Structure formats: C-alpha cells, structure tokens
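The chain below stands alone, shown as structure tokens; this is the form predicted on its own.
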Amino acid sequence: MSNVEDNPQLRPLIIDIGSDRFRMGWAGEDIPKTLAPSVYVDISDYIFTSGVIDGLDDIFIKGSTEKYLFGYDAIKYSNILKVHEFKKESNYNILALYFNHYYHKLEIFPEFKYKQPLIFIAPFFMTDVEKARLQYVFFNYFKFPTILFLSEVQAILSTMQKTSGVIVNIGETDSYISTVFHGFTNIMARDVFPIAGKEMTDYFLSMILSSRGSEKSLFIDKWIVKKIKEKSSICVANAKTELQHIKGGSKEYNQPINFPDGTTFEINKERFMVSEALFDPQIMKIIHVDYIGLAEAISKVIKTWDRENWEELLSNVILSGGSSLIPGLGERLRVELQKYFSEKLKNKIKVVAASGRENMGWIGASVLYSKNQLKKGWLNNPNLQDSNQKQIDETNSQNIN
C-alpha cells in the first residue's frame, strides 16, 4: 500500500457482499462507488418451463452476448427470467463473475488491475469456511495481493465514533444483535435474530392478499412487494390503538398503490403492521417463526454483561441495515426496551437511527482507513509470495552462476 499516494487507484477496495445489496468502492470515500442488488439471471433460465415463445430472448434481451446479467440489469427481466440471489445460494463462481462485472466499471488503468488490497466487511456469523472460499476466489482467480476481513460491528462503531454500543443490524436475510464495551467483545453477548427484511416482505404480501379476499385476482411478485414495503411501511407506538382507529373509519394510513397496467388497490393497516413482526411473537408465529420480540432479545444480550455496564450500553443502541430504515422504528424500539429495565435506567436508553445506516458498515471501514487504523489482520496472497520468492531464487541462482 506504499504506492497509494502516487497511484490513487491502488487504494484498498472495500467490499460488502450483502444479501440484498452489493457495495464496493474506494477506501477513504464517503459512499460506495457501486451499490447494486445482489442478484443475477441466466438469460436461458425462464420462469415458465413450457410454452416459451421462440425468439423471446431476441425480443426482450436485445444484443446481449453474456450468459448472465447482474444487479439492476437482472431485475429488469424478473417477469420472464428466474432471479437468483448468489449470496443465498453460496455460488462463488457467480460471485466472481458478478464482482468482475462491476470491477470493470471502476475504469481502473490496465497496469493497476487486480493490484488493490481488498477489505471485506464481515458480520460475526461469517464462518471460516466462507472466508476461506473468498480468499480462494480473490487470491486464485484474480490474484489480488492482500485481503482484510473487517468486523462489521467494529466498522459500524467507528462510523458513530464510539467504543461501546449495541449494534442492531436488520438486513434483508439476516438480522443480528452484537455488543462491544470499551472495545471488548463478548461472544455470549450477541444473538442472531430470526426476522429480517425477507420475512417482513412475506408478511406484508400475505396481509395484502388476505385483505383482498375474493376480489379481482392480483399478480404481484416479491420484487414489487418489497419496493412497496420499503416506500410505505412505518412503525407506530401502539398498533392495537391504530387498528381501532381504522375500524372506526380513520383513513390516516390509507395509501393507493397504482400499477402500470391500471390495477389499483389500497393499503392502510398493512403499512404499520409489517413492522410488528419485529416485536410481537404472535405475529412471528404467523410467518412460522417461534421467538421472542426484538426488544426482549436485545435486553437479554445486554444483561449478559455485568450490571454496571448496562447503562453505557443502553445509551448507545445503534440501528443499522437496510431493513432498519422504517420510519418510527428507533422511537418504538426505545419505548419497548424500557419494559425490560428499571426506572433508573429507562431514561438512559437511547436508540440511534442515523441517516445512511443502510451503508454504515461500508462507511465505517472507509473511516477506519482514513484514520490509518487498518494496519493489522491483513492476509497476503500466498501465490504471489511463492511467485516472488521464485523470482528471487532465480535471480540469486543467476548471480551465483
């Protein structure tokens, strides 16, 4: 990394392989250069296995010379092609193709290609097997020189300039609770929470379909539902009270949804009930999850620490992840947490819901690089080391002869 000042394109690349979004960009920047859905399509893999019209690919996939399409290009064909999530499938061959597709969009000079150190954002549940497979792909396929696996919790805390806190990361397929106290972690003081964006989307769809009853049939795929959920969902202080208001004729939450084909339907209670899946164990059971609510799960994680540490942890509950963007979620979580702590601690509870929290891990890694705090933990490409050593040996042999 000594040539970075002379060649900015040799700065580390920060990569966050999220289940919903793939983030990649230069260390030291404010935001990722690449932010794209973590999906792909095979242009021959149609949703309908029979009755496909000859020439359909010529009509819809014009001029494509590639077997796969990635990110937003893939989602454009979600109505005719099967959309795959490479993170869910653990498909590292596709990941390599996906990465290379967006890597070339960085317009790196030929002499600097595949020369950058790589920083991977690593949640605590990333296994050694996953890390080993990433090393294999990026060391062997691309021959990058070095890799650093950076703790996502550490990165998030650096974004908030804190050394203690409770990280509540709600992603698309994974949610977790993790704690750090004065820079120290406790492997007993963390939890993988079973409700994430995917489960909330499924619940949102089931509410929409059940509310329509025997009305006109509606075709709506998960990508459309997910988009509606992200734009319309909110979190209220008391869902039961708001349901009573709706039964009484309130139209406060009414929101029409219009489709390009002219289909229209209206949602209201669905907007705030979707976030209840995070708090209400009875709703969790509807979507086949048997667990305690988010606030209780957080309280149990905090109480794993000594009692004298609770106050500092409670004052730094940090929301992160794309599925945490629901308006009102931070305040609702603060109120729910008060139920599990004494009167003395209730007023100490603070939930931080910062803007840009969907990219908080990536941003934190960039901040740490800017502060020159990423000196330890780098893994060198053994293939390059062997190659360099071979060159040295050959040179020494020539000098001896």
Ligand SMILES: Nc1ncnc2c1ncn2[C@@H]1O[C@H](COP(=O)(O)OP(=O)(O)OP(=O)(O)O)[C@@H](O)[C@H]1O
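Numbers for residues come from their place in the sequence shown, where the first is 1. Quick caveat: nothing in here was measured; it's all calculated off a predicted structure.
Heads up, the form predicted together with the named molecule isn't pictured, but that's what we're talking about next.
Q | Contact flag, residue 11 vs the named molecule in the model of the complex, heavy atom cut 4.5 Å | A | No, no contact at 4.5 Å.
Q | Distance check, residue 229 to the named molecule in the model of the complex, heavy atom within 4.5 Å | A | Yes - in the model of the complex, heavy atoms of residue 229 and the named molecule come within 4.5 Å of each other.
Q: Could you confirm whether residue 270 comes within 4.5 Å of the named molecule in the model of the complex, counting heavy atoms only?
A: It does not: once the named molecule is placed as it appears in the model of the complex, residue 270 has no heavy atom within 4.5 Å of it.
(Q) Please tell me whether any heavy atom belonging to residue 158 falls inside 4.5 Å of a heavy atom of the named molecule, as the geometry stands in the model of the complex. (A) So residue 158 does not count as contacting the named molecule.
**Q.** Contact residue in the model of the complex, from 330, 322, 145, 194 (heavy atom within 4.5 Å of the named molecule)
**A.** Of 330, 322, 145, 194, the residue with a heavy atom within 4.5 Å of the named molecule in the model of the complex is 322.
Q. Here the chain is shown alone; which of 118, 326, 298, 81 has a heavy atom within 4.5 Å of the named molecule in the model of the complex?
A. Only one option qualifies, and that one is 326.
Q: Look at the stretches 131-139, 229-237, 158-166, 103-111 and give the one with heavy atoms within 4.5 Å of the named molecule in the model of the complex.
A: Comparing against the named molecule in the model of the complex, the contact stretch is 229-237.
Q | Contacts with the named molecule in the model of the complex, stretch 74-109 (heavy atom within 4.5 Å) | A | Result: 87 alone.
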